[in-house]
Each structure stands twice: as C-alpha cells, then as structure tokens.
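As structure tokens, one chain now follows by itself in the form predicted alone.
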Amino acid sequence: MQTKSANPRWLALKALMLVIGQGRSLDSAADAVLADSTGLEARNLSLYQELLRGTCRWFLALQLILKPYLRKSFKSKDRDLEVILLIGLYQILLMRVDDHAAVNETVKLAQLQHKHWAKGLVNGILRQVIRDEVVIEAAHHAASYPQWMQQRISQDWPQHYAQILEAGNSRAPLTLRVDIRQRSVESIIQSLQNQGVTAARHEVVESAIVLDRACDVTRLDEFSAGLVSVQDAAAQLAVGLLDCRSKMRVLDACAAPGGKTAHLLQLVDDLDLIALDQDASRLQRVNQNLLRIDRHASLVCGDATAPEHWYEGSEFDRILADLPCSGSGVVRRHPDIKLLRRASDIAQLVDTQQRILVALWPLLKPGGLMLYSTCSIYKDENERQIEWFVKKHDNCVERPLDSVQWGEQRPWGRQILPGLYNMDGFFYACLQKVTADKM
C-alpha cells in the first residue's frame, strides 16, 4: 500500500494547506513538502505538481462550484476537507482523470487525512457534480481571481480583460535562454532533440527557445554546461534594452535570483557588474547561477533604498531597476498570487518602488541609462510610476521603446500583457539622465 509520503495527492494537500493556512508561497511550500517526502517517481512527481499548481490556479472558482453542494461552510478545523474536495473537483473538471478514479482517490485522500467520517460526504458531492455535468465556463476564469484583482484588471485594461484572465489561467511554458555567444539557437534545439526534448525558437526573442513540454532541466547537458538557463522570454528582453558595452560599470538592483545578471555577463565582456539584493539567502542563488555559467560579478547584500550603506561612490553607466512588484503579470507561473496578494499591498509596493528609484537615480552617471522593469500589469506600478518619476526629476527623460516589435507602447513605457507571444506580463521603461545643456 502506498504511504502518505509517497502519495502525490496527499502531498499536494499538505502543500496547499501551507499556502492557505500559513501564507507560504507555492514554490516554498512545494519544495518543503517534497523535502519531507520519501521521494516520488517521475510520474507521481508530475501528478503532484499538476494537482498542486492546478488546484491553486482554480482554487477560488472551484470554491464557487463547490458551495451549492454544501449545507454549511466548513469549520476551520475541517479546512483540509474543503481542500480535499477542491483537489477532487480539479481532477474531474480540469484533468483527464477518469471520473470513477478521481472520486475513489479523493475518498482515499480523506481517509489518509483521518477524515473517515467524511467518506460518504466526499463521495456524494463528487458524484453529484458528475451527474450534474458541471463544466468550466468562461465566467470561471474571472471567478478564479479575487474580486479586487478582477476590478483592477478591468479598470486598467478593459479591452483586454478577458484575455488577461484567460492567459493567467493557462499553463506557462518552460522557456530557456540560450547563451548565443557560445552556441546557436539551432544547434541547441538539435542537441535537445537528441536527448528526447522537443523545443522551438521563440517568435520574437532571439535568445529564447520554448520546450514542447516541461522537463527536469538540471538533467540536460546544456544546462550543466551553462549554455542554457531557465528564463521567460519577456524577462530576456531586459538586457538588450539596457544597451551595455564592454568596460561599463553596471548595477543590477534587486538582482536575485540572478537571471538578468547572468544574461548581462554572457552577452557583454568585461563588465564591472554589481549584483545587489537585500536577502543574503537569495543572493546565494545568484552566486550559484554565476558559478554554473562560469561568470563573475560583485555580489553585494544591501537595501536598494539605502545606498549609503553599500555604495562606494563610483557612478554607474547603467542601472537595471527590476523592482519588487505585485507579480500580476506572472500569475500563470505563480497562481498563489491570487490567494496571497491583497489589494492593500499595491500601495505599499508603489511606495517601495518610488523610494528605490529616488535612491538609485543619483548613482547614475550623466548620460547613463536606467531600465525600469516589473512583472506587473497594473498601471500604478508601471506607466503612472514612470510619469511621476520623470515629472519629479528635471534631469530625467524617457527614451521611448518604439522600435521594438513586441508589447504596447504606452504614454510612458511599454507594456507586455500576459500571453502575448506566449510571454509573461512585463513592463519596461528606459530612463536617461541628461545634463542641463541637453535638456
């Protein structure tokens, strides 16, 4: 008989309870649960990840579907039973799991959780859902988002509202960044094919390839050799926009986990690059990524809002300000954002972004460039933020990104909406420091 620690459904339940009960991020919860398991074979690991991420993605919509089948709400001590039912509903409504098997496995899950008294309840509800021929409809895409997110997306992007919601509920592709100075994209695609992995060149990002299906990239020869790295295509655009050249002094603020740091070093030789992050443990991830690709940067643990504690006085030619944000453009990769993010967080994030920009701007040389970047789609964090900053600083002008072929040119900056060319939602704005005689 399969033990709890080897049961992918029970492990998914355990991880989801960490997310909704303790506010843990989905990635953190998933890793913690796997660390305590007895190890899962590849098939069960895939099922665990699908159940965990999928149920989280559709959590609020599944709650709405479940509600009419309940006589009363669950008590807090039985919140796990509600999650068990949601995992069952996800299998029935959104996975290719046989209805009979989905019901039986969900009943077993209740037993594993010592909810023997609820076997009949679980069995009855799921079988009634099947008899009622419940299906996921367009309205459920909206229902899978909290009300405040629906309202903000609708206000900011009324014409793209349905598209954004649907894109956020899709499965994100596994996209790799190729070190194109070392190997061509075509040669990497052929090499992956020889290892049984199918990939294709991205439509608009020259260094990006998209895998046909997810795999364990750590087992790929090219990953171990530092020739490919995991990075969404939209995030790969940053380095080209920054326009770095050899010998430049560059600051990558809020650098962890180091994808853009690594990309910079792979594309441009002899950079004097500082990778800054206030989280020492996350800075270690930057170091690990750089070791894998055999590149070096100065790693500095410090707060971007307080450069007086780490800045040594030599101005930067370029600053990459990839700042903390709501993550509203990467919901498809991080569906726990729907459950953990609060409306009140946005104003706090906007304030943090402003404080970082104001603190970093004096560190930029006259004529230098700062690239502002977020993985958000909210205008308060993006175009309104840039408008505020430029109007506040007489020595700042925006360099419009109107020559590129992706995204939407906004009054300030350029916005990529989720799903465009199968990319995450990103915002970019390029700011230049000018001298008085050039204003």
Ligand SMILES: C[S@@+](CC[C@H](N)C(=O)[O-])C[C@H]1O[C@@H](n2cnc3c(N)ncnc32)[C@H](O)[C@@H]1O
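Quantities reported herein were computed from a predicted structural model and do not represent experimental measurements. Sequential numbering from 1, following the sequence displayed.
Just so you know, the form predicted in complex with the named molecule exists too; it's not on screen, but the next bit is about it.
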With the cut-off set at 4.5 Å between non-hydrogen atoms, does G259 touch the named molecule in the predicted bound form?
yes
Using 4.5 Å between non-hydrogen atoms, is D243 touching the named molecule in the predicted bound form?
no
Even though the partner isn't displayed, in the predicted bound form is R282 close enough to the named molecule, meaning a heavy atom within 4.5 Å?
yes
Report yes if any heavy atom of E166 sits within 4.5 Å of a heavy atom of the named molecule in the predicted bound form; otherwise report no.
no
Heavy atom within 4.5 Å of the named molecule in the predicted bound form: which of I125, C254, A110, I188 fits that? Just give me the one.
C254
The unique member of I84, A304, A233, L264 whose heavy atoms fall within 4.5 Å of the named molecule in the predicted bound form:
A304
Quick check for you: of 339-347, 210-218, 70-78, 273-281, which stretch puts a non-hydrogen atom within 4.5 Å of the named molecule in the predicted bound form?
273-281
Determine the residues of 318-352 with a heavy atom within 4.5 Å of the named molecule in the predicted bound form and present them in sequence order; the list may be empty.
D322, L323, P324
